[in-house]
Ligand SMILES: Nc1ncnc2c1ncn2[C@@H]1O[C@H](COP(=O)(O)OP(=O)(O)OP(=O)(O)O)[C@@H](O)[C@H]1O
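This document starts with one chain, in the form predicted on its own, laid out as structure tokens.
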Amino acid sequence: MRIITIANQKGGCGKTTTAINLSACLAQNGKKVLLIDVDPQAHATLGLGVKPGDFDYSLYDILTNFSGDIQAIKESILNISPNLSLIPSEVILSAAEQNLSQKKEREFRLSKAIEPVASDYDFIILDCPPNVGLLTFNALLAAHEVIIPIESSFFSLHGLGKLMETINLISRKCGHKLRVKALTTIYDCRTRISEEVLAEIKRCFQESVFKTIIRVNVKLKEAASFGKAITDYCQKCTGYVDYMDLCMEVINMELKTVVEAAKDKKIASPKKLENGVLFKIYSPQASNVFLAGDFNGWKPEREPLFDIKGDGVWQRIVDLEPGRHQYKFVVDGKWIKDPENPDILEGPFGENSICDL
């Protein structure tokens, strides 16, 4: 049984579309799936044709009144199709954070609530709200994996560092390891910006990017407006093909347990690759890591690194021109040289690491 959270604090990235249609495609392939709508906007609920008043219990009741009663949990589950079930959401869920603010272990309410029914399903999919709050914390702490949908637009990667910082915080403080994979969505092959964003996503997440790309398709929007998954609305469109490809890729993924620390802390950095230069640093206790150098005006906020595997190895691929470049890592605000690179150069403000191309 696998629990997958779909999360991105940026709205309009195809998060709910992915949650609905991935769930439906998994169900069509014979997997028992429970989709949990963790968003007070209830878009996943509406997107499956369930309206306010169609149910007696929602996720709000589970989170605020949970007593460990398995029957109470089962009463909130709606059967959408033979293999697909839903725990719906409603606008009152927005009050859950305030109601739970003084509760003990409030971040674990969701994981404890679904534990009694988890064995009934092959997959549990959690659709998060577009922010990093208590509801998102609950979803992340209940999951084994995180899929981050990233749309092909200019601001798509803006603010992504906050979500990754939250994931790393959960890993460090709670010892809860999450496997992160990025999914390119709303991709328009006719535009140059889509190609540039896809290249940047691959630089940030490297091998932790789905091969499947979700292309722009009007049928996906139409399906949502009719309260249907793409599997029930149109199976002869690119939206169905793309989400079915994603489904098969998810099914075939080998779910590996993330190790507590890097297997090999002797990390070669920097390393020349086909699509740029890979910079790495092992810092398992860090909350955030950036790369600053003469290639970005020594402005670290332009080059955030990501701990994409949860193993303490922060990394990023940077597109650099041939020549000699000076750089440093900025770990939780502290500027340091690359500990794995012996090549240094004395500058006006101290020693810098050197990358020769």
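When you see a residue number, it is the position in the sequence shown, counting from 1. Note that the structure is predicted; figures quoted are calculated from it, not measured.
Below, we refer to the form predicted together with the ligand, which is not included among the displayed structures.
So in the predicted bound form, does any heavy atom of residue 11 sit within 4.5 Å of the ligand?
Output for residue 11 is yes: heavy atoms within 4.5 Å of the ligand.
Heavy atoms within 4.5 Å of the ligand in the predicted bound form: does residue 221 have any?
Contact with the ligand, yes.
Is the gap between residue 234 and the ligand in the predicted bound form 4.5 Å or less for some heavy atom pair?
No - in the predicted bound form, heavy atoms of residue 234 and the ligand never come within 4.5 Å of each other.
Considering only heavy atoms, tell me if residue 179 and the ligand come within 4.5 Å of each other in the predicted bound form.
Answer no; every heavy atom of residue 179 is more than 4.5 Å from the ligand in the predicted bound form.
Looking at heavy atoms inside 4.5 Å, which stretch does the ligand contact in the predicted bound form, given the options 285-293, 51-59, 34-42, 326-334?
Result of the contact check: 34-42.
Could you tell me which one of 194, 217, 85, 136 places a heavy atom within 4.5 Å of the ligand in the predicted bound form?
After the contact test, the surviving option is 217.
Of 179-193, which residues get within 4.5 Å of the ligand in the predicted bound form if you count heavy atoms?
Result: 186 alone.
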